[in-house]
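There is one chain below, alone, in structure tokens, taken in the form predicted on its own.
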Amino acid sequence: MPTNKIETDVCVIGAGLAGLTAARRLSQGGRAVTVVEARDRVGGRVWTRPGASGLRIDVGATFIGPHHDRLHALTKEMGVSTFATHTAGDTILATGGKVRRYRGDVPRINPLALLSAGQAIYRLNAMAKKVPVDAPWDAPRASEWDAQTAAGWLTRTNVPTRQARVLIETTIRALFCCDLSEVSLLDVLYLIRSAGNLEALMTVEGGYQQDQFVGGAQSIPEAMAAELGDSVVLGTPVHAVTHRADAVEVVSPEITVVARHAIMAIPPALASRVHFDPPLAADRALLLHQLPAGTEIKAVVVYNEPFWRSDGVSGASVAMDDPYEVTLDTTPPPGDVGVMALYAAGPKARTLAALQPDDRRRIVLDIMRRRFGPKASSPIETTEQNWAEEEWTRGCSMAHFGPGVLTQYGRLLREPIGRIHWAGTETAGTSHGAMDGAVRSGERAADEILQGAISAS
């Protein structure tokens, strides 16, 4: 039994962006807060790890888009600066053993395939506009779309050319980090609606990958944790939550926190492992048990210089046949070293995970060499992170909804249970799945408590 007891107004479970945002907002509202975090660090799925070269390397969430206004506001408040992701030069498309270079957002593929892909994107965007961003289960065709998987929609009938289908499949797999048979069409449309359109999710300039953070993305949660001070308790995995009419008791092996309210700000897969007393209602428990996150391996390669830039290449590449399908230039200013991030998602990531680290490193360097030339053979450092194997995350970039889950249980996502409130990017409407969504969810959960306290007083 834990020997230490803390009494506070609000206990926040999870020190990621959602949890720390909620804690900071509550603290500013005059509430005493305790944040308990299982890991020995803050940030959750945001992790900037010191590399062997001394460089701080983002192995988790990295980018911020121009419309992520709540994250932009928080970034400014925390004194963190951003820099533009490098886009000057050609993008590389490697398919069928050939490496092609092109400028802009239009790849050099068969014109019929390009037309087919464009029509598919247009159709997905048009369907997504009919999905309410805060209540996708209320869409007029929600039941129909939620009964179908993304794979079931991506057929020759809807996308006539094979190359276009592969391109759309690669995009959706990268977004959800799972096989397209695992995610419902309604969930795909929900994500598109939350971003504004599919192009925003796919592109750098004007899209979700437009900018990065000086010092790494974890600089933001680190700054929030520093502001909260001793209110943040690390190395404290929560295994039980007892909730009563007048209080909530949060139990870990180290401490027990007794609070007037609690905020669950951990991924759904982790929340499903917490013992609740009294037990959660059946539908809420079923919802948590049906929200797995995908498998993503992010590999990062560091070079003495960003040599691809002088070769007229932006660093962005896509190869639909490779285990690591996407690369992006994540070189920080002033650009005296070169940093490239490679992403593997879903079944491809799971296949890679079964290999030895040296074998994965060999694959990474082979891909880099094939796409960017012989200079890619000699990095000064390589590192990787498999988020599915991270004990207190269990997948990235977000939980996904299989067929039937959104329409049957989705309306419970944000609904408080007595004094227990829920945060996390999975609960966000706008920017669902992104860091900005996590910030928004933390603000919402804090406001539920603050406004409830005001109305009850």
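In this text, residue numbers run from 1 along the sequence as written. Model, not experiment: these values are computed from the prediction.
Beyond what is shown, the protein has a form predicted in complex with another copy of the chain; the following relates to that form.
Asks: Work out which of the listed stretches, 419-427, 23-31, 51-59, 402-410, brings a heavy atom within 4.5 angstroms of another copy of the chain in the predicted complex.
Replies: Heavy atoms within 4.5 Å of another copy of the chain in the predicted complex occur in 402-410.
Asks: With the partner left out here, if you bring back another copy of the chain in the predicted complex, are Leu280, Ala293 and Pro347 all within 4.5 Å of it by some heavy atom?
Replies: Yes: Leu280, Ala293 and Pro347 each sit within 4.5 Å of another copy of the chain in the predicted complex.
Asks: Though another copy of the chain is not shown, can you say which of Ala269, Leu365, Val258, Met202 has a heavy atom within 4.5 Å of it in the predicted complex?
Replies: Here the answer is residue option Ala269.
Asks: In the predicted complex, which of the listed residues (Asp329, Asp322, Asp179, Glu222) lies with a heavy atom within 4.5 Å of another copy of the chain?
Replies: Checked against the cut-off, the match is Asp179.
Asks: Are any of the heavy atoms in Phe83 no more than 4.5 Å from a heavy atom of another copy of the chain in the predicted complex?
Replies: Residue-level check for Phe83: no, no contact with another copy of the chain.
Asks: Indicate whether Ala147 is a 4.5 Å heavy atom neighbour of another copy of the chain in the predicted complex.
Replies: Within the cut-off, so yes.
Asks: At the 4.5 Å heavy atom threshold, is Arg41 in contact with another copy of the chain in the predicted complex?
Replies: Arg41: no, not in contact with another copy of the chain in the predicted complex.
Asks: Is there any non-hydrogen atom of Val133 lying within 4.5 Å of another copy of the chain in the predicted complex?
Replies: Although another copy of the chain is absent here, Val133 would stay clear of it in the predicted complex, with no heavy atoms inside 4.5 Å.
Asks: May I ask you to list the residues of 265-279 that have any heavy atom within 4.5 angstroms of another copy of the chain in the predicted complex, in sequence order?
Replies: In sequence order, Ala269, Ser272, Arg273, Val274, His275, Phe276, Pro279 come within 4.5 Å of the partner.
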